[in-house]
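For reference, the chain that follows is the form predicted on its own, supplied as structure tokens.
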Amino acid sequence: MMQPKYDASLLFVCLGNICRSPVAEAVCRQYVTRMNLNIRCDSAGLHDYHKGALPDSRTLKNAALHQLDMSGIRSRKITVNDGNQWDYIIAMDHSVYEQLKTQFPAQAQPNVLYEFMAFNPQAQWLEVPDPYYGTAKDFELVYELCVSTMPWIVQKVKSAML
């Protein structure tokens, strides 16, 4: 079966792919669908701690509060092949970004590897904090940062598509 052709592709990456990057993926899918854009969205983790698992139960609970569709999202580890398959590899925090630069040195250039919050010139946060050891408020913050930054990310992608 042939893969559909996309105008652009975005891969969001955090540590285990159960808290932050799945939210970014779901928010991205929702946003590009609403905007009628042909952009592929996915997520991965640096580690395979939770390989094949659903997003964290607290992530799912927060997503349900916002009618955010997380269906089909399963944890996976970023692979060497991912380095060549994505137009944008977007790290959820600076630590993940630095590890990705080491793992994918050829992609550590300004047009492939990015930090999530760097897209948002109005951001008060420098990165999306990991909520794993936090409270429901921390999971809500992840959602809010993803929603407020996604228009900036998509605008950058759309501009590059022209």
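Everything numeric here is computed off the predicted structure, so don't read it as measured data. Throughout, we count residues from 1 along the sequence that is shown.
The protein also exists as the form predicted in complex with ligand 4NP; that form is not presented, and the subsequent description refers to it.
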Could you confirm whether residue 115 comes within 4.5 Å of ligand 4NP in the predicted complex, counting heavy atoms only? no
Please tell me whether any heavy atom belonging to residue 15 falls inside 4.5 Å of a heavy atom of ligand 4NP, as the geometry stands in the predicted complex. yes
Since only the chain is shown here, I'm wondering whether residue 42 would be in contact with ligand 4NP in the predicted complex (any heavy atom pair within 4.5 Å). no
Can any non-hydrogen atom of residue 10 be found within 4.5 angstroms of ligand 4NP in the predicted complex? no
Interface segment, criterion being heavy atoms within 4.5 Å of ligand 4NP in the predicted complex, picked from 132-140, 117-125, 33-41, 64-72: 132-140
With ligand 4NP taken in the predicted complex, which residues across 35-66 come within 4.5 angstroms through any non-hydrogen atom? 49, 50
